[in-house]
Structure formats: structure tokens, C-alpha cells
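The data below hold one chain only, encoded as C-alpha cells and taken in the form predicted on its own.
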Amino acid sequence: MKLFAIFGDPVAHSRSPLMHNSVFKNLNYKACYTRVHLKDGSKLRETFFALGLSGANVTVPHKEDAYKACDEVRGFAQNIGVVNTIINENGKLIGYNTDADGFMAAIKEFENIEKVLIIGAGGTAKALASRFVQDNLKVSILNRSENKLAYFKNFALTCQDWDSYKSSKYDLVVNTTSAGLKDENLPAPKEMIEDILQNTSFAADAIYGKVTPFLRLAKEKNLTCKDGADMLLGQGILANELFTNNELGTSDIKFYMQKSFEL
């Protein structure tokens, strides 16, 4: 029996165990998936091995620590220094990032996206910004403070903090911060969010399982909105393929993961 887990702080809200266990149970794959509440990201590697895991997902705020914990990083994650999926390959930790492709699958129905504003500057923001740049989209970053913006400036992206914010028009605004996950906070001052939403067509939030204050405000302005559920599903399918070494069919994985959202 293989054991998988998701590391995060917080992590009790995570639907990942329901998703992956639904696949394992219905497709008779001998594995189990659980949650691990990890406060200190630097302990991720030792905790992974202490639990005897075959693989893991990593959520906020440990995705950059997950990158450091790996012996080898493959694919898209190499470019961004952010890992959300880890595989134990003969005692070596191999890191991947499935967030960005999962998000791109989630926003397929949003049409004519050219200009994107990402709120936040953590691991998810890095993954999405890099992926958007690959698709030749114009990307801007807004973060509370300037000290986390150096990564994005290397890509010559438009970067602003709360003090330097200037109004502009966007096609899509994405909240990647944890604001609204455990509280009723907006990801930036209300006047700023009001202005942003007044000047965009689509809004997305990486948080799922609740209508965040950010999405509530977007809906009040009659914007087309998405929470993080489709992104979660998209990245989960890709992660499960890695966990099972592509032994299960993608359509089967998707079917049983989607069924888990009914629970």
C-alpha cells in the first residue's frame, strides 16, 4: 500500500485526500492519501521520509521549500523554483509543478485573455506568471510590499505594490493570496480591489470551497468568476498521473476526481 499526503499550513480544508482516494478506491489502486499539517517548511524533506511517503502534494506556504527539498526538479518547475508535487523515486525526491497547467485548463472558457493581473507574489503567483508569459500574455503583479517582486522583475513584468498602484484595464484578475481562506479579508485595500474589478472582465481565485470576499465583490459587479476548484481538479489529475506512474487512464482519473466533489 503506497502512502501519499498533502503538506500545508493550513491544510485541514484541503480536498486533495477526497480527490485522490476516490481515484485509488474506485480504480483498485493500492494507495491511500492523507493530510499533514506542517508549520515549518524546512522540515518537509525529513517529514516526507519519516512518514514513508511515495509522493506528496504541497500547498501554501511551502511550495518554495518543496523545491529546495528535492534532489531533482523536472519540467516547468525548473524554471520557477516552485514545486507542488513530489515523487519518491528510489529514495530521491523528484519535484514537479502541476499548478500552472491545471489553472490554464480551468480558464479555457474565458475568452480573449491578453492582459492579466496577478495579486500576490508567492509560489502560485510565480507558477501562473511564468505560464502566462509562455503564452505571450501581458502580465502584471500586485503585491502588498515590493520586497517579493524581484523574481517577477527578472521577467520584465509590470510590478506594483500597494503604494505604487496605478489603475489600468485587464482582461483577467487572479487572486493567489490566502486572503479569504481563513478570514474575511480582501487581498488588497477595498478601494484598490474595487478599482481593479471595475476595470476587468474576468476574476479568478485560487481559493476553493467558499466564496471569498474577493469573489463576492466580483460577483456584485457581475463579472464572470471562478474559484479554485477547477484549478484544483486540473492540477490533481496531473499529480495523480505522476503518483501512479501513468498506470491509470486520464479520463478515469478525471471522472472519479470530479465525483469526489459531490461528497
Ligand code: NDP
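For clarity, every value in this text was computed on a predicted model and none was experimentally measured. Each residue number is its position in the shown sequence, starting from 1.
The discussion below concerns the form predicted together with the named molecule, not included here.
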| item | value |
| --- | --- |
| Stretch in contact in the predicted bound form with the named molecule, which is absent here, among 185-193, 85-93, 110-118, 132-140 (heavy atoms within 4.5 Å) | 185-193 |
| The named molecule contact in the predicted bound form: S167, any heavy atom under 4.5 Å | no |
| Interface membership of Y208, the named molecule in the predicted bound form, 4.5 Å heavy atom rule | yes |
| 4.5 Å heavy atom contact, L238 to the named molecule in the predicted bound form | no |
| F155 within 4.5 Å of the named molecule in the predicted bound form, heavy atoms | no |
| Listed residue that, although the named molecule is not shown, lies within 4.5 Å of it in the predicted bound form (heavy atoms), from L172, I80, V73, L181 | L181 |
| Interface residues of 100-124 toward the named molecule, as seen in the predicted bound form [heavy atoms, 4.5 Å] | G120, A121, G122, G123, T124 |
